[in-house]
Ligand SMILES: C[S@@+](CC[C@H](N)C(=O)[O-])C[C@H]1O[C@@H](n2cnc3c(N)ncnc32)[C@H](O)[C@@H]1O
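Take a look at this single chain, the form predicted alone, given in structure tokens.
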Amino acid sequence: MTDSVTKSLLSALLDRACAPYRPAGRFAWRFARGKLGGDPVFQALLERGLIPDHARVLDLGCGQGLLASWLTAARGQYEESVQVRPFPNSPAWPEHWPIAPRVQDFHGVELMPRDVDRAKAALGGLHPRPRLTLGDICDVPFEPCDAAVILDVLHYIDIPAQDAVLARVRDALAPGGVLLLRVGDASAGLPFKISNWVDHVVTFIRGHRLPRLHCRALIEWQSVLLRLGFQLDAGLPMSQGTPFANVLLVARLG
């Protein structure tokens, strides 16, 4: 159950992370509000300390750059909360949460031009300024990073391409780096079917053609990561408040 301190912080973070999207248009702002406010993964990244401090972050399939805005907002909110004289009316950072990570560099890769345009229109004032590349994650070179984030993306490409992307992510990660991979569990029955239906609807609303999806059972995702040399934490259910079958896999390099 979320306590009042956490609720207050999440409300402030949502306002702060969505504010840059107002100049980018009503759709960009509303999409940011809906996604950041309704998707449990964004809270989990902070609450569980999954992004290392001073990390170079690689976000594959970054969309309109929501993760970059969220992490920047979280760091700003955290720094305000630990001042000797905290900012007036600034919510406290929950004592049971790790510190908000300070991002050293953020590189997002996105295939859809309109998403990249919205991200660039919104996020130019962030520090550090996210680097946004329009391109296919199957082709764009991956620079060295400490954390790679792939949320609900790999099922849009075929199985051999998925394996190739994961292998290149492994090669780009620094020793001790972490891959945060959210996938749908194809063995989960009805919740998985609902996930796929919603995926198609959201893709259509964002103005993209309906894709063919290439999905795997959770055990298959785990197997390919182990085969590539990752060490796996327990998979984190990542569908709270939704009827979906999403799991966040936390894979680390030794």
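Note that residue numbering begins at 1 and tracks the sequence as displayed. Everything numeric here is computed off the predicted structure, so don't read it as measured data.
This next part talks about the form predicted together with the ligand, which is not shown.
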Even though the ligand is not shown here, does Leu58 get within 4.5 Å of it in the model of the complex, heavy atoms only? no
Tell me, yes or no, whether Val153 is in contact with the ligand in the model of the complex, where a contact means a heavy atom of each within 4.5 Å. yes
Taking heavy atoms only, is Asp163 within 4.5 angstroms of the ligand in the model of the complex? no
Please check if Arg216 has a heavy atom lying within 4.5 Å of any heavy atom of the ligand in the model of the complex. no
Answer option from Gly135, Gly124, Pro98, Pro144, heavy atom within 4.5 Å of the ligand in the model of the complex: Gly135
Listed residue that, although the ligand is not shown, lies within 4.5 Å of it in the model of the complex (heavy atoms), from Ile157, Leu180, Ala73, Ala172: Ile157
Would the ligand be touched by all three of Lys35, Cys62 and Met112 in the model of the complex, meaning a heavy atom each within 4.5 Å? yes
Using a 4.5 Å heavy atom cut-off, indicate which stretch of 124-132, 74-82, 90-98, 103-111 touches the ligand in the model of the complex. 103-111
